[in-house]
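Take a look at this single chain in structure tokens; it is the form predicted on its own.
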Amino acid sequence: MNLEKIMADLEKKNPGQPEFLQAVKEVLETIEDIVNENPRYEAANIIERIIEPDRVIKFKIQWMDDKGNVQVNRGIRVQFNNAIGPYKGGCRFHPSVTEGGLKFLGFEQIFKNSLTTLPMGGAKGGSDFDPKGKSNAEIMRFCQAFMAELYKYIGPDTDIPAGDIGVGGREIGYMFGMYKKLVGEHTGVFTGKGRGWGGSLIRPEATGFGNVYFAEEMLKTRGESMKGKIVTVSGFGNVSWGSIIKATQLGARVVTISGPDGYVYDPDGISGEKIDYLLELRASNQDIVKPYTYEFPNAQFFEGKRPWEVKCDVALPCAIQNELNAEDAQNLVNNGVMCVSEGANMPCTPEAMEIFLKAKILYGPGKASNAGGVATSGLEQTQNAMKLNWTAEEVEAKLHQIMINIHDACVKYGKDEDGYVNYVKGSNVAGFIKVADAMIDQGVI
């Protein structure tokens, strides 16, 4: 495999898409050996095929705001690979949404979904629409207009979207209602649905729960556990919330959250009513964390900073891509961090990742450690297909086992000669082999 040529050709085809190029390079660097050792992958041109999305669907969204003004946004759906199952991946509503960003997320989703062992392909979608500051009526009209275009390309056996940044239960409800009206059937085309109409218990918490379960499995390899550990968390959305709940349940003390305005340090730990308050804070639509210190005066707010300067045992970056850079990583290592588990998609820059791997700390990449969300979405699909509703305990038990299985696969393919487990390599190789073998089995179509 000629990595330099592949990346040069990919950059020519995808100019101005650094996140996508970063994600592809990271994967290819870690699977290079397995590809070179298996000539059938080269013979079938798997690499060039797997880095090119099956299709990128773009469409215009026209909707009317509360003042009667017509607004225009762009919608995109990247259907990347369906070798092992229907396309599966969230929808993101945020001004920062771009085609390159969604390609990055869709590409990562291929391997993440493969790791779950559930039959799901990789996709991602969204719009540059910003729900913040919009009324419920405006959000409903936008979601309906969005779905009036997207419905043509999705279905329970074709492509199953879910929520993501800016897309929660409210938005999914509006989109599902429009889909149902347009196609005339009530099917499990969305995951993250309301619990009363096909949704699964613990779905909102699932990504955070899975992230902590993965961290716990990593810690076990060194005879450790979450109990008694000091944990720093970034963000304060669903992933952060779920991570804080589960880390606290396992006996850890979570001391930070963060937002675009800075981070909060609470030395007493974020637990009990403080966790409940995070839901109120998130629902306020202010997208800031400073008000936490008004409710809990022992906490301190650090404006414009990230929480990675705080001494901790375990760090859980749960906000957004590339939020943790080389300087942050070095701070964490210098302060004795033993485990970093990514709750967000690619929150660590390549330079930060290199520092963690060089220091041989336990480092869980997002495609493995944050796979709990899409795994639980897959479990929701199963419940819909079987016309069943599992209890929260049943869903969480299945999620926990899936995260254990993902960890085991990473260890299988990522253990170095000195015994150190490179979870980046392990997750990429494990995810790649399943998808690549399926592509070969199905021929060139």
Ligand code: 2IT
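The first residue of the sequence shown is number 1, and the count goes up from there. As the structure is a computational prediction, the values presented were derived from the model and not from experiment.
Although it is not shown, the form predicted together with ligand 2IT is what the next lines describe.
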| message | If we define contact as a non-hydrogen atom of the residue within 4.5 angstroms of the partner, is Glu217 a contact of ligand 2IT in the model of the complex? | response | no
Is Lys193 a contact residue for ligand 2IT in the model of the complex, using a 4.5 Å heavy atom cut-off?
no
- Query: Counting only non-hydrogen atoms and a 4.5 angstroms cut-off, does Thr256 reach ligand 2IT in the model of the complex?
  - Reply: no
Does at least one non-hydrogen atom of Gly163 fall within 4.5 angstroms of ligand 2IT in the model of the complex?
yes
For ligand 2IT in the model of the complex, the stretch among 370 to 378, 331 to 339, 244 to 252, 209 to 217 with residues bearing a heavy atom within 4.5 Å is 370 to 378
task: Flag this candidate site as yes only if Lys360, His407 and Lys425 all have a heavy atom within 4.5 Å of ligand 2IT in the model of the complex; otherwise mark no.
output: no
In the model of the complex, the residue from Asn345, Ser200, Ser127, Asn81 with a non-hydrogen atom within 4.5 Å of ligand 2IT is Asn345
Across 103 to 120, the residues having a non-hydrogen atom within 4.5 Å of ligand 2IT in the model of the complex turn out to be Gln109, Lys112
